[in-house]
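Here we start with a single chain on its own, the form predicted on its own, put down as structure tokens.
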């Protein structure tokens, strides 16, 4: 199987770092943190190297988004816990981190006829309304991912819980298009 330049664009993960957080205190101590309770119930905090953003909630839950791989998620959440400890906020040791969604891109390196693909894949798993959106939306059951297919041959895979899910999604599309003679 060729790699089709599969590239992870975003990993979204969540964890619980404490029983509760005082977001006003964190905002005061963390440079660049943004907390406006009227606009959004969480605190937004961006980090670089590796690049990611956090949504921190009073419940102690944290959502990490923007990382380019799962290892970076673990790194930035660990760094965040240390930084919280550094301002006197106790955090849960070895928190359970759950990957909620991975978005990846790929390129089949072929011009695709989306009308023929829409007919070939069958209407129950796809949405294709070119007047509204230029891509074909293909929902796959196994792995449970959604693949956006564009006429340029570019794909966007979303909903994966692991990088392997995204790779399998690309492979399902490749095999199906190949078997229909559309690749």
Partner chain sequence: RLRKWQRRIRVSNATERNLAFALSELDRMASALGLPRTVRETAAVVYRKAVDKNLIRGRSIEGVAAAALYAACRQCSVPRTLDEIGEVSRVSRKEIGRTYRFISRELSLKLMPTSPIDYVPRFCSGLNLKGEVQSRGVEILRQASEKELTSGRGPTGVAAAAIYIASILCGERRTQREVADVAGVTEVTIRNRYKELAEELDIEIIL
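Values in this document were obtained by computation on a predicted structure and should not be read as measured data. Residue numbers count along the first chain shown, from 1.
The discussion below concerns the form predicted together with the partner chain, not included here.
- Here is the short version: of 65, 115, 59, 69, the single residue with a heavy atom within 4.5 Å of the partner chain in the predicted complex is 115.
- When you look in the predicted complex, the only residue of 49, 31, 124, 141 with a non-hydrogen atom within 4.5 Å of the partner chain is 124.
- Although the partner is absent here, residue 41 sits far enough away that none of its heavy atoms falls within 4.5 Å of the partner chain in the predicted complex.
- The partner chain is not shown here, but in the predicted complex it comes within 4.5 Å of a heavy atom of residue 119.
- Contact check for residue 54: every heavy atom lies farther than 4.5 Å from the partner chain in the predicted complex.
- For residue 134, a non-hydrogen atom is located within 4.5 Å of the partner chain in the predicted complex, even though that partner is not displayed.
- The candidate stretches are 22 to 30, 41 to 49, 153 to 161, 124 to 132, and the one lying within 4.5 Å of the partner chain in the predicted complex by heavy atoms is 124 to 132.
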